[in-house]
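First, one chain by itself: the form predicted on its own, in structure tokens.
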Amino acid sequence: MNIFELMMEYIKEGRVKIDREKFAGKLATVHDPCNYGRKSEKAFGKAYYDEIRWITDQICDTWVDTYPTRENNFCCGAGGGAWAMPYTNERLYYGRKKAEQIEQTGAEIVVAPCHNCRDQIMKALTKEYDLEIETFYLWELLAEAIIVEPWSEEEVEKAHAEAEAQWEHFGVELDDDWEPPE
């Protein structure tokens, strides 16, 4: 299971509840990272496009795809580890098409699941090309919209039972005096 599948599972099962008002009225768009799209397809036979869009759709009431999109989406310019390299001018030049692509959507929010892409879009392209956007990791977008409610006694008991079963399954013995941090 990967992070996309885990987030989808939690949302579908109702384990996380989403406040759709959090980003209401803000247009979002999705950036398809090379690592989760083209590279993942080539290396593992599976690209992650639909999962990112499904999760975004659960959180944002309005979002649009970029053009082109999915396997034809433009690179952010930070791929191949370029974000960590000292080639700032080249990285900004390569990212200009991504900046234009984002601007053409009219989006106020960009969802970038990859850390290189998120940093490039948020810290470099936004400033260099005067983009008026907020950039989020996909998990960060979800975290911002989660409704935190206190658990019922039933939910607390169920969670304790599941935790105990998990510790037993893995052969972990806890100190009887151990208390979870508050």
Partner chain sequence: MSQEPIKLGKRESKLRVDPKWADVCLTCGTCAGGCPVTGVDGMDPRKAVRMAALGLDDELINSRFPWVCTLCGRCERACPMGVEILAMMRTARGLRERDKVPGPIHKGTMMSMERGNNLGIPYDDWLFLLADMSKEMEDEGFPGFYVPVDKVGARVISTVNSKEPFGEPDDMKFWWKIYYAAHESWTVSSENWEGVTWGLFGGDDESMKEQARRVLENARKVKAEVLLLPE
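Positions refer to the first chain, counted from 1. Just so it is clear, the model here is predicted, and its values are computed rather than measured. Take the two forms, find the largest set of C-alpha atoms that superpose within 1.5 Å, and that set is the rigid core.
The protein also exists as the form predicted in complex with its partner chain; that form is not presented, and the subsequent description refers to it.
S.K.: Would you check whether its partner chain, in the predicted complex, lies within 4.5 angstroms of a non-hydrogen atom from each of 3, 151 and 163?
M.R.: Judged in the predicted complex, 3, 151 and 163 all sit within 4.5 Å of its partner chain.
S.K.: Give me the residue from 155, 128, 61, 65 that has a heavy atom within 4.5 Å of its partner chain in the predicted complex.
M.R.: Residue within 4.5 Å of the partner: 155.
S.K.: Any chance residue 140 has a heavy atom within 4.5 Å of its partner chain in the predicted complex?
M.R.: It does: once its partner chain is placed as it appears in the predicted complex, residue 140 has a heavy atom within 4.5 Å of it.
S.K.: Given that its partner chain is not shown alongside this chain, does residue 24 nevertheless sit within 4.5 Å of it in the predicted complex, heavy atom to heavy atom?
M.R.: No, residue 24 stays farther than 4.5 Å from its partner chain in the predicted complex.
S.K.: Is there a heavy atom of residue 73 lying 4.5 Å or less from a heavy atom of its partner chain in the predicted complex?
M.R.: Close contact exists here: in the predicted complex, residue 73 approaches its partner chain to within 4.5 Å, heavy atoms only.
S.K.: I'd like to know if residue 38 sits close to its partner chain in the predicted complex, meaning any non-hydrogen atom pair within 4.5 angstroms.
M.R.: The answer is yes: residue 38 has a heavy atom within 4.5 Å of its partner chain.
S.K.: Scan 111-126 and note down the residues that get a heavy atom within 4.5 Å of its partner chain in the predicted complex; none is a fine answer too.
M.R.: 113, 114, 115, 116, 118, 119, 123 sit within 4.5 Å of the partner.
S.K.: Tell me, please, whether between the shown form and the other one the C-alpha of residue 160 is shifted by 2 Å or more, with the rigid core used for superposition.
M.R.: Superposed on the core, residue 160 moves its C-alpha 2 Å or more between the shown form and the other one.
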